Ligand code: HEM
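The data below hold one chain only, encoded as structure tokens and taken in the form predicted on its own.
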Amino acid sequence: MATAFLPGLFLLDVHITFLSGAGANEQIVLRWVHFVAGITWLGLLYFFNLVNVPAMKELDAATRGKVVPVLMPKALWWFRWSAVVTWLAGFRYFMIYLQTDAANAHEPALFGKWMGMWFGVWVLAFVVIYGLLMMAQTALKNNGYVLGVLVAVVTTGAAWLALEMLSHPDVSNRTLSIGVGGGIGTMMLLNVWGLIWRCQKKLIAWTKANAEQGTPMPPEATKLARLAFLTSRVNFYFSFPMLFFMATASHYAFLAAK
């Protein structure tokens, strides 16, 4: 342990102690990176849903043609890469918790088993939700409420299955909570790269060509814009349970394996 005294704070008699263990220092760096990148990611997600979408509806086509090619590429660059950094830092943090729980259970092999099952559950949930989003304008008749209910059912089922698979007396509340919150975050990341960005980069290119060269917007533009909107709205609603379970990891221990 290394201890330092800050003379400038002598009136408060504040002593700062830095932990010397590599593990503890890695975890605080991971938390900090996760927070900073997460704030960037969710801040832009909220901007898109609460500010950008309503504002764009009020602009005429000519104005959108000037705004979209300038604003969206920059905003979406920060959006998608902050999502990657957030997920990578969080995933490493989750790995540490799983490894600790497996060590406490005196069964190190459980780490690989738990990680594989956890990842498989949430990737499968994403695939199902991806299918629902693709069907939104056909089988679901563009009904956002029906889509929302179905997505909620799939997500709840995935959360239950993930908790069931991680159920072990030595698995902590923090692991179980992040197992759900991080799982939802995983689906959000896959939505960003698998749907939102794929749609938006085409829409940006078409909008720019329309504004600069008069090229007509292709017929599929409306469908892609709707798909990007629905996916972004799903992520917007995902963010609330995701943040709740992240907070309960350390501040509200309500999950325990029997």
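Being a predicted model, the structure only gives us computed values, none of them experimental. Residues carry their position along the shown sequence, with the first being 1.
Another form exists, predicted in complex with the named molecule; not displayed. Remarks below refer to it.
- When the named molecule is considered in the predicted complex, Arg31 lines it closely, a heavy atom lying within 4.5 Å.
- Mapping the unseen interface onto this chain, Thr155 falls outside it, with no heavy atom inside 4.5 Å of the named molecule in the predicted complex.
- Ala247 belongs to the set of residues with a heavy atom inside 4.5 Å of the named molecule in the predicted complex.
- In the predicted complex, at least one heavy atom of Leu42 sits within 4.5 Å of the named molecule.
- In plain terms, the part of the chain that comes close to the named molecule in the predicted complex, with a heavy atom within 4.5 Å, is 184-192 out of 72-80, 184-192, 137-145, 99-107.
- Counting a residue when any of its non-hydrogen atoms is within 4.5 Å of the named molecule in the predicted complex, the hits in 67-103 run Thr86, Trp87, Gly90, Phe91, Tyr93, Phe94, Tyr97.
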